[in-house]
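There is one chain below, alone, in structure tokens, taken in the form predicted alone.
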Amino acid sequence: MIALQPLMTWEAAAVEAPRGKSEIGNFMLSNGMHVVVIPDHRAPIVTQMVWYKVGNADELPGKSGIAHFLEHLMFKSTKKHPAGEFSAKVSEIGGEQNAFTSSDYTAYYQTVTPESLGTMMELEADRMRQLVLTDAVIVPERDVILEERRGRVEAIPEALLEEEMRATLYQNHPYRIPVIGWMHEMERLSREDAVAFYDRYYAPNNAILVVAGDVDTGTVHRLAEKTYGAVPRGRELPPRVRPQEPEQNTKRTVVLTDPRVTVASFEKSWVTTSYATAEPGEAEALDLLSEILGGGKRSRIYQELVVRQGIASSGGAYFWGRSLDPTSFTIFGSPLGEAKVQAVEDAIDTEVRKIIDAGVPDVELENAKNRLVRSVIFARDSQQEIAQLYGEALATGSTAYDLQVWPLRVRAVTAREVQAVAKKYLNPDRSVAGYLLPPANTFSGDQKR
């Protein structure tokens, strides 16, 4: 059945298909695969994304990195197609493909011509259940992910600090475990681990297909039935219930001193609610709080620390609301010249305290709403970005309707609600502060906080 959801106002169209085009298609295949179609006929290209509702937070204890490892293995051979054939077909038509893994989902995508969409669907549906996993495949690819960790984490102090921050911020939830995995556990991942993970989670009833571009819903429906619709339904999975956080009641500090660091930096994080766990309006208020505090050059942190005081080379805030369980809110900054990292931290804390104590003027809130909503409107200019917005939302418990009315919900947030979430979540006595420092007596920035 195809269910089309007409939209209500121009504001709700912020995450709709480009104006004047067809409506968004939203339907289920008989094997349980969810399909969303976002027509955009401005250019003769189309992006398909397949999202599996599994990420590293679903891994068994001691098997960290298996979700990301399987993402790599999905580019190997299937019973029907040799390794490299899928990538070669994408390259032949000048297309683009990639994949990514997060704590809550794993996704694969291709951007190709509309005429090639059926072939891409056939190949993607084929590897959903027909992957060939042997030791001859597993061992060399395990070496690849180990090298990836060395290059992307071990070699980068900022990445090491981020890993330690998450391990400290989350005391019980698996979000504390790095997506790429801990090195000592990655080294022991086996063929049996990969097969068990693949068999459990890679099935149409645990997947979402998002197609954005020069297509119509009827065509996608026909192609999806022919390809993905032929894949048998997988086992029924239990609800994704993970260990939850205890009460956050301590102030913690992480310090990483590294000779590769030339300029100190600071960040502070809190565990907050997400769109999937929030009371109505709270996640939207946190998004606006992030925008007001550190959402770019018009934000309070940038204007005060970089422009007015001139003590920071950078500074900002971000809230990652699209997660299945409670997420995090982070502020950050880096000193400029002879300024000390302590001065940057104090100045950022002052900006947080101002909002907690005095709230936000209506004019400033309205400007933040405009920037936030427009950022999503601009995302419509990229098929990949709009497909990713839908995939992230659907894979973390939201619906297509939630995404379509999100601009209206942002517009409805009041200044009092922004102040309330700042007061509720940004408690300095329940935060984790991280400092990335150069060794003493080496470079400017700050060695003594």
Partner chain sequence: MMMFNRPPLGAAKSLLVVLVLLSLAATTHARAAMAIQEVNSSSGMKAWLVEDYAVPIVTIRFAFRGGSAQELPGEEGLANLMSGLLNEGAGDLDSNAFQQRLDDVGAEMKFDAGRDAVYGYMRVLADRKDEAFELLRLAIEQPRFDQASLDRIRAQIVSGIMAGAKDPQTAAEVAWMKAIYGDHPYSRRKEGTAQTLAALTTFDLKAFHHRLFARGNVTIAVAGAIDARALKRDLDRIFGGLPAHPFLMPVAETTPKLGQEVRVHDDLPQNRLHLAYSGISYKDPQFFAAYLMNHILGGGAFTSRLWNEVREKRGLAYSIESSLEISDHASALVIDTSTRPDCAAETLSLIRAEVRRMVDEDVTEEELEAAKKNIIGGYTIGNLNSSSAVADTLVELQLKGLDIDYIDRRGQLIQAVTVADVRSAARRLLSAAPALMIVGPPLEGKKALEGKKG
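Positions refer to the first chain, counted from 1. These numbers were taken from a predicted model, which means no experiment stands behind them.
The same protein has a further form, the form predicted together with the partner chain, not shown here; the description that follows concerns it.
Taken together, the three residues 64, 197 and 206 lack any non-hydrogen atom within 4.5 angstroms of the partner chain in the predicted bound form. With the partner chain left out of view, the stretch that reaches within 4.5 Å of it through heavy atoms in the predicted bound form is, among 233-241, 347-355, 246-254, 139-147, 139-147. The contact residue chosen from 281, 95, 118, 229 relative to the partner chain in the predicted bound form is 95, the criterion being a non-hydrogen atom within 4.5 angstroms. Here is the short version: of 133, 123, 324, 336, the single residue with a heavy atom within 4.5 Å of the partner chain in the predicted bound form is 336. With a 4.5 Å cutoff on heavy atoms, residue 388 counts as touching the partner chain in the predicted bound form.
Although the partner is absent here, residue 367 lies within 4.5 Å of the partner chain in the predicted bound form, judged by heavy atoms. With a 4.5 Å cutoff on heavy atoms, residue 223 does not count as touching the partner chain in the predicted bound form; it lies far away. Looking at residue 105, you'd find a heavy atom of it within 4.5 angstroms of the partner chain in the predicted bound form. Residues of 53-85 lying near the partner chain in the predicted bound form, listed in sequence order, are 68, 71, 72, 75, 76, the criterion being any heavy atom within 4.5 Å.
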